[in-house]
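Two forms of a single protein chain come next, each set out by itself as structure tokens; they are called structure 1 and structure 2.
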Structure 1
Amino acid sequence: MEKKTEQYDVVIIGGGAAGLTAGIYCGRARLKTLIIEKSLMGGLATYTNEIENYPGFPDGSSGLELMELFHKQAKKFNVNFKMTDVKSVDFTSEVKVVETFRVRYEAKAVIVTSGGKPRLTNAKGEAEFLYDKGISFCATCDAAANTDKEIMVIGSGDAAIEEGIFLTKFAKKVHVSVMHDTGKMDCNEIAKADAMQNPKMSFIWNTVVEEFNGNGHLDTVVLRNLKTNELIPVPVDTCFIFIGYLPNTEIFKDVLPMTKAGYLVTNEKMETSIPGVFAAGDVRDKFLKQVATAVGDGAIAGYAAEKYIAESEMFEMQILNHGRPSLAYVYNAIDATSRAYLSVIEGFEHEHPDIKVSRIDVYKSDGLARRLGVSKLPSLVYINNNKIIRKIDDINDLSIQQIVE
């Protein structure tokens, strides 16, 4: 089957909190926007039973419900959605290419919000029992199927303990394997206090998973005590693993700069090293990975993509002026000196109808100034034959005349 090609202004890879927020910003800016999500819209947040720290929801919300609202809002701004996985990307030319198994998408800008995936224990037998055979990463998905059963939770972070507490509403017993010493957990204090008081939860300290056993379906998790090396077989129906996440960045290897752990490196504008390619949310190398911070990242990336596209068009059409002479006045509108020269520029424009004059205000975005290599403001840049001929930052009536000579 031959692949068809579709054009978009912005293609967003990943439909979690960051991607949906970026989509809302791009859609609202009337950009033709596509969000590609490999499975369920909402991303990792939909795995969370209760989100209590996302502002605006004082009574809390389930991750799924919250993400459905994000999705609904993005739909309202005419964002397009495609649910499949991205096979490859090509960011080597001005037009960025994102390929799925059926379609080749071309975009002016790409925002990578591919997020993370649950980390595995890599213990023996694990691969055999993934998904529906006894190992789960989603409490809300598999809680009901574990009614009155005995289960295990691996980990002691917020996800492990909070989801473990939720699971006690269904299961008759929740064993929690914690790698730390007795009483020490990685989660917040409220969750810890609740868990310690929960009669259905029992903690097995200083342990990690040695092996998963069963015949077709998991029936025993063998833990190993890190101090004594004692092996502890625990019969359970399901084992929930919450030991952190890994970034979804395999397809960006050797394409985008990333940390050793595989997180994408950006600046505070969510720009990667490739102009027009942005990254936002959990996939970024950053301090705190939460819905609240993904939303902030997504807003910045959406706005930055919009500015990038507008500036690319302005640069191509107006500043390069199809190879004909062009003068760019780069200034900051909040600076009085900068504003004072505007009348001088206007005078020049009247005297030189053959030269295209552009006024570039850096107040909201310095993208064009960077493309012109201008750091000192105000500055004048004279362009001819698609090349920068001269730049000056010492502006007066004489220098402005000289620049075009």
Structure 2
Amino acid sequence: MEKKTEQYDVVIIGGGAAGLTAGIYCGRARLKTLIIEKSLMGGLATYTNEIENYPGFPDGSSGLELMELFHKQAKKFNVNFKMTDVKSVDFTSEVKVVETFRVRYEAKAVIVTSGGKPRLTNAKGEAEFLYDKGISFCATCDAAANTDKEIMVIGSGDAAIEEGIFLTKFAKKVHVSVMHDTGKMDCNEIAKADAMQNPKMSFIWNTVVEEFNGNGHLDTVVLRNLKTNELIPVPVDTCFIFIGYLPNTEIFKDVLPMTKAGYLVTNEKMETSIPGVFAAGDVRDKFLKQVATAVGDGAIAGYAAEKYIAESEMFEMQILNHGRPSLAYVYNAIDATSRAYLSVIEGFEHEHPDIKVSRIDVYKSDGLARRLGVSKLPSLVYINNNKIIRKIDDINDLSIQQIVE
């Protein structure tokens, strides 16, 4: 079956908080934008019963309600949506390609916001209680809802123990299942000491989860002792699983740089190492994974994608000038020396009407400067036949007049 092809300015892979925010920014910039989401629009946040730490909602909001607002706002700016799975990508050319089962999408820029998924125990009954039915993966999100309740934490790494300590501020009791011998944990020693001294925390050593039980909502976690095989039923209201997190980056292996754990590597502008490809949200290597930080990432990525597309068009149409002579003056508007030469550049422009003159201010974005290989400001770049003929970063009045000679 031959796939049909559709063209977009921006294709966003993933419809969570980061993807929807990026879509809002791209749509508002009047870019033809598509968001592809394989499961539920809104991502993992939709499975959270209550989000109380997202600014602007003093009474809190369910994750589903919050993401529905994000979705509605993106639709307001004419963002398109496709509920399907991405099968492959090709970022080797200027036109980026994202393929699903039936369609080949071509885009000027791609934003990867595919998020991730918590590592599961794969114990019996686990799937029945995920997210809003008793199994949680976010203490920050669900701690308050467990005030004065008995809960369980699975894991002994830094995240598990530190989040467990945080949960004691709300819960009546925090049971911790640790697969190691008594006193041994995977977390740092400071967290371990704090946890061991916390009167609200109790540890069940040498155990893993055997089964999750309940009637519509989790009420018991059955642990198995690794040494004796004894089954230990523990009545709880909620179980928090902290045994790792898996980013959804399988299709980007050998395509985009990533950490050993599989998280995508970006700079502060959400740029990957491939021009025109950005990443945002939980899929990237970052310190904190929350809806608020995903929104920040998405805003930056959407803005950066819009800038990239605008700069690409300017580079192609104005700076390269269809192969005809062109002069680029690269400067910073807040630098007095750079500003001083603007009048000289204007004079050059009047004397050489056959040469297209571009003034490139790097104050807000240095994308065009990087494309021209300019690092020192101010600089002059003379281009002809789509090639850089001469570059000068030691500018004076004479050099401006002589650069095209």
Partner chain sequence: MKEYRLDCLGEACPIPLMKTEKKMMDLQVGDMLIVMIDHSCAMKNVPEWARTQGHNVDIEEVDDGEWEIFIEKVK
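Residue numbering: structure 1 sequence, from 1. We call the rigid core the largest set of C-alpha positions that still match within 1.5 Å between the two forms. Computed from a predicted structure; not experimentally measured.
One chain, two forms displayed separately, with the form predicted alone being the second of them, structure 2. Two rigid parts turn against each other between structure 1 and structure 2; the point where they join, the hinge, is K117 in the list K117, Q73, D142, V265. Of the two rigid parts that make up the chain, the smaller rotates 49° against the larger between structure 1 and structure 2. We note a C-alpha movement of 3.9 Å at N225 between structure 1 and structure 2, with the rigid core held in register. At C138, the distance the Cα travels between structure 1 and structure 2 is 11.5 Å after the core is superposed.
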